[in-house]
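What follows is one chain in structure tokens, specifically the form predicted on its own.
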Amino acid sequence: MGISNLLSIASDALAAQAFAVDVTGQNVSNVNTPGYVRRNALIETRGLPGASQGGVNIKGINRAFDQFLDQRSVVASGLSAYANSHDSALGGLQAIFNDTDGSGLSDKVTQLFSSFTALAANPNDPTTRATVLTRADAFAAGLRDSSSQITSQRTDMYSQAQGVATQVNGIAGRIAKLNNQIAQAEGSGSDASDMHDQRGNLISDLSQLVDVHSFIDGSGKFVVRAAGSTLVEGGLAANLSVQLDVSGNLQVLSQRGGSPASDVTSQLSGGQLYGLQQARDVDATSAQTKLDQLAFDVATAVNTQHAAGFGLDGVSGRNLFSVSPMPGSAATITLDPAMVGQPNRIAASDTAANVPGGSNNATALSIIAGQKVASGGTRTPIEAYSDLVGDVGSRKQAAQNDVTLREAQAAQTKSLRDSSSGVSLDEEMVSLTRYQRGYEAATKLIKTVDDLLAGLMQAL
């Protein structure tokens, strides 16, 4: 090997070690950058013309990216986002049935039947009769208000879901654009590590909104699947939309280009969109059904008994409440129009002969409070309402427990991913020292070659 080859080897060594130091410097400067994946300098031996020994060649940069760990982290992050979204929505639902201040529906049920008890003691007292109408009206108003709040929350969650779909589409479009840019950069031999990191961050953001799975397909295209459908394929992005189906439930549609939209609602499994869908169409719907059942059962039982009695005018057969069949009973229940402002029509007596002093029917109305007239004849009115509140509370508690579990799992998988792909300052300092020593050695090699050349020139 000649002196010129030694100079070439030394020059390659200087360039290679400087390149490695530069890559290490990138890692150090991005130690706290979210989504940054550690780079490794790739260097390899290179043969020299006419020589058995070679120099060193800069091959490029390798990202310390583990697809398996990254996908696990993305899935766990999506499930954590689902749990938090679900829990937050259930918090609003639980607040509807907060009876701690004494103005909740539970108190209105109790006050309704207490007014019947007072009526039984004073069937001719105008004030007592007026109180019965007031309490009955308050009971109906409480049911309507609770129903209205549930409906309002479901409307808000629908709007939120539409907003989430809009965010999903925006991110999907940016990922598709990055896919094209990455393909162009790598096709021209340029390094696309930064764009890979940007795409990784977008995938992470997307997982907060909807369940995500990404992979490279057989043709080399980067594919993102969400809710069981292809959201991004190479440079093409699909479109998610949210609407209501014929039952009034959320319906998530996926559409690519001019193809017909497909319903992917049943495929949701993570992200905020799934949390909203579950809270709106499962939990809130269950609460609404139980509330409707309570309204219908109590109103029907009271109406049946009230119609059997007689008012001060000697007339029977009147209902106290006007209530529609399920669904919608809680939203429509009111005082019967014939009873509004007519306390004398309250049927306290069980027979016309006992008017005006009879109170047996008022007593019968009061004891409905302890009868199993609700939930298919298995629960009293208060028990049925307690079941409703307890069910909402249990769902909320389960959601809170799920948040704790999912956040722990997300933190664990992120830690595993970071240990594989993240930057360790200790390791980078060791690498800097190693490359520095290599650079110094290459410098000494150049000085040695220079001394040899100087000696050769003197000899000549």
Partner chain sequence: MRISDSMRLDAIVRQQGHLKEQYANASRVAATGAKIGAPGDNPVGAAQSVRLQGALDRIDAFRESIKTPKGDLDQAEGALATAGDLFARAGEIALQGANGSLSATDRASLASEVDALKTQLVDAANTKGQAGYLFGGTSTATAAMDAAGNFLGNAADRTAEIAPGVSAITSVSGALAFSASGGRNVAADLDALRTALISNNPAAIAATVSTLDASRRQILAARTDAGLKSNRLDTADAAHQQTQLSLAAQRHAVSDADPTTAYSNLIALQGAVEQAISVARTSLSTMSINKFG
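Residue numbers count along the first chain shown, from 1. As the structure is a prediction and not an experimental result, all values here were calculated from the model.
The following text describes the form predicted together with its partner chain, which does not appear among the structures shown.
- Taking non-hydrogen atoms only, residue 358 approaches its partner chain to within 4.5 angstroms in the predicted bound form.
- None of the heavy atoms of residue 296 is located within 4.5 Å of its partner chain in the predicted bound form.
- The closest non-hydrogen atom of residue 387 lies within 4.5 Å of its partner chain in the predicted bound form.
- Interface residue remark: residue 422 is counted as part of the site for its partner chain in the predicted bound form, having a heavy atom within 4.5 Å.
- You can rule out all but one of 347-355, 275-283, 299-307, 191-199: in the predicted bound form, only 347-355 has residues with a heavy atom within 4.5 Å of its partner chain.
- With the partner removed from view, the residue among 137, 233, 107, 205 that has a non-hydrogen atom within 4.5 Å of its partner chain in the predicted bound form turns out to be 107.
- Screening 118, 264, 165, 133 for any heavy atom within 4.5 Å of its partner chain in the predicted bound form leaves a single hit, 118.
- Of the residues in 382-405, those that come within 4.5 Å of its partner chain in the predicted bound form through at least one heavy atom are, in sequence order, 382, 383, 385, 386, 387, 389, 390, 393, 394, 396, 397, 400.
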